[in-house]
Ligand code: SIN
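What follows is a single chain, given as structure tokens, in the form predicted on its own.
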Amino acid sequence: MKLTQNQIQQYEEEGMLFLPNYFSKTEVSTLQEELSRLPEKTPGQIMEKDNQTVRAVHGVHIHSKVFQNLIQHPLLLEPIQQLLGNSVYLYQFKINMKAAFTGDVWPWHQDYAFWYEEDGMPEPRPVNVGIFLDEVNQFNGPLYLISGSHKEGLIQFDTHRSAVEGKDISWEANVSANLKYCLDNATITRLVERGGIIAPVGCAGSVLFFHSNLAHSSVPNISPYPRRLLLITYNSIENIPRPYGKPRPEFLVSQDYTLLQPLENDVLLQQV
């Protein structure tokens, strides 16, 4: 699937592109079933503050042929190649669970802040692709995004106090409710006054493309509706990180720079 020139311009101007009803119900069912078959505990699993609710799982494509095929699905990879060029590889793969009643907040942040500070990524070129595994509505903690905020570049951020004090300095500190690098209230107010907040909602199978410097967040989910969001981050092979020290774990940041090429259009249906 190729993006139109208008869609590309919208992505460049707003820092995001939302495509509702992108995957079929059968394809979504395949992804949901595959998620249910994953191991209960993986090295990339992170829990909410209650230590009972799964907050996110990282790198689960390593255990799944279905998710590996999803990464190279033409509905995802062809638009990515238009936005980044043909030479792209997988940078991150994760699923944010946002469980019913207990899914916690994701504070305002830019993804590139983590990739620059923790991984030594040269430029904010990656594109995130969010796939709705559940219906997303106004009740279950949709993603909040500030239109055009990617044009600010890397914004001055606050470092969470626990990181300054030397606590929670492992990789978990970068994906917990107390995110290591957050945007302050004054910055968010200024950005929202100019660009406004957008919260895409839609049925399972809808897809959101968004820039690595786009300011975003989500509120806690106190509804009875889960909001699982599968996130694939693609990066240009010309933008490989140069870690300052030991690289973060493979399940969090891929060191496999194999160039990706689209598979068949029915690659997920072949799994049924």
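Just so you know, these numbers come straight off a predicted model, no measurement behind them. All residue numbers are counted from 1 along the displayed sequence.
Absent from the display: the form predicted together with the named molecule. The rest refers to it.
The stretch among 240-248, 227-235, 60-68, 37-45 whose residues place heavy atoms within 4.5 Å of the named molecule in the model of the complex is 227-235. For a residue to qualify, one of its non-hydrogen atoms must sit within 4.5 Å of the named molecule in the model of the complex; all three of K94, H109 and L143 qualify. Taking S218, S212, T30, S206 one by one, only a single residue has any non-hydrogen atom within 4.5 Å of the named molecule in the model of the complex, and it is S218.
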